[in-house]
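Encoded as structure tokens, the following chain is the form predicted on its own, with no partner shown.
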Amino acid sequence: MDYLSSATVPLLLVLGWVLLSLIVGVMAGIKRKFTLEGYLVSGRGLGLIFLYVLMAGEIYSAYAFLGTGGWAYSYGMPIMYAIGYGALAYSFGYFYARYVWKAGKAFGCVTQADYFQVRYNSKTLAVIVALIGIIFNIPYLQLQLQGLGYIVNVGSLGSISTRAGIIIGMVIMMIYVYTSGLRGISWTNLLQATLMFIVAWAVLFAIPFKQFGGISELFKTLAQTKPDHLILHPPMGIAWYVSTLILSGLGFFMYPQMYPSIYGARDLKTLKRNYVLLPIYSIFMIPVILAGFTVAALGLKLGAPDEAVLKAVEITYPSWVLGIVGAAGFAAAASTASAILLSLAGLLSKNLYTIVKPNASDKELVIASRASVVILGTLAMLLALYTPGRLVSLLLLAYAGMTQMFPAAVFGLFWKRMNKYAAGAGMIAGLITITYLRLVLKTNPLGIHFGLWGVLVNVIVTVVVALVTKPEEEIFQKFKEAVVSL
């Protein structure tokens, strides 16, 4: 009876937050008739606040809230790459996002594949990009659902199973994404991003002080109990660290869900301000990582390492606090998963469904997008239920695939010899490389992340094919004039 009483308050807090998210998400779109542009990119009218929380929420996910703490608990210092790659990613994003936004406005793009189609004037390339986006983002969506399941399970002190948590979370997200599209996600992310940031600094940051008396004492204890946690060593040595940091930094803006958010900005000034401010949000991962180190230093044994952050809260605070942290964890998972779900639905409807039905009306594409939300959401839920994996491992698998679009995206901005053949050949060569290293060799040669080997092969093939094929300068000039003139 006492056990049930201690579980009741945190369970009600988590479920209350889930219900609030559902209500806000549905209210954002109820009784509204969406065009495809309104549904997928919120009518290109997001101001700074909604754009900021939309991007912060979709970037910092269950991986950031649970996975980084889990890796800090399991492996120690290698997880610090997650802090480092943000500097590379946001610097590149400030430079790159303006061209994506301009192309979206000039050509009416609503998906990532649209951007590649207008730059290279190739529907085939758009299909390749859409397939890469869907195939490699499904693990990322799966990651969010697994994190969500852990949260509901631990937040309810085990009274709700992880599998039930995954099902509840996915159904809630499918309802409000189906109803309200990107507008609903931006509304819910205003709640989610705020809660995540407050909980990280108000609750998690205090854990090392409560357990050890301070951060320096935490690391002194860690040096005695798990000294290997404080250094980089094989198989995650310096080469792995640097290559993973570069891979993640380059691949950051190749995720399909980043493009609708960029298109959704009201104007270029709003977009630039957003990228200047986003790094401030990233520091919330520091308390999360410290919580993982705390559990490691205490020598606690966990059945699932990704539960380390929630375990740190459980042993430090009264049970009702676990409910608040559980709600923040749900916020982290749902804010990212909903954006992924919508972006993949856009790729499936706008770039693949139109192959079957080229003359589909705008209304029909909205219906197809909503149907895709249900189909892809159900698929990701089944994968999370029956093929679970470690959160950071799933993330790095997704990065390996997504980053293969980086050479075509960047070379296409400035190099007039760049054409659709070079872009497609480079992507395919990169994908073959990472598939071979991941499934056949099952290793990172020279300690370098297998995804970065794929990018290196990708760049070589892209350059060679671009030099030996006929340049499409007319297409390049049309694109360049459009993105420069705005």
Partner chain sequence: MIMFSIRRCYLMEKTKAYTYAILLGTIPWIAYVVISPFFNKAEPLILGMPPLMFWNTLWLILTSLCLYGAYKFELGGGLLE
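Positions refer to the first chain, counted from 1. All values derive from a computational prediction rather than experimental measurement.
Not on display, but discussed next: the form predicted in complex with the partner chain.
Visitor: Heavy atoms within 4.5 Å of the partner chain in the predicted bound form: which of the stretches 377 to 385, 110 to 118, 94 to 102, 356 to 364 has them?
Guide: Checking each option against the 4.5 Å cut-off leaves 94 to 102.
Visitor: Looking in the predicted bound form, is the partner chain within 4.5 angstroms of a heavy atom from every one of Ile215, Ile246 and Val276?
Guide: Checked in the predicted bound form: all three residues contact the partner chain.
Visitor: Is the gap between Trp320 and the partner chain in the predicted bound form 4.5 Å or less for some heavy atom pair?
Guide: Trp320: no contact with the partner chain in the predicted bound form.
Visitor: Indicate whether the partner chain has at least one heavy atom within 4.5 Å of a heavy atom of Ile280 in the predicted bound form.
Guide: Ile280 belongs to the contact set for the partner chain.
Visitor: Taking any heavy atom pair closer than or equal to 4.5 Å as contact, tell me whether Tyr75 reaches the partner chain in the predicted bound form.
Guide: Outside the cut-off, so no.
Visitor: Determine whether any heavy atom of Ile238 comes within 4.5 Å of a heavy atom of the partner chain in the predicted bound form, and answer yes or no.
Guide: Ile238 belongs to the contact set for the partner chain.
Visitor: If you check Leu230, Ile175, Leu302, Leu131 against the partner chain in the predicted bound form, which one has a heavy atom within 4.5 Å?
Guide: Flagged contact: Leu230.
Visitor: Pick from Ala164, Leu88, Ile198, Ile315: which residue has any heavy atom within 4.5 angstroms of the partner chain in the predicted bound form?
Guide: None of the other options qualify; the answer is Leu88.
Visitor: Listed by sequence position, which residues of 281 to 298 have a non-hydrogen atom within 4.5 angstroms of the partner chain in the predicted bound form?
Guide: Heavy-atom contacts to the partner chain in the predicted bound form: Ser282, Ile283, Ile286, Ile289, Leu290, Phe293.
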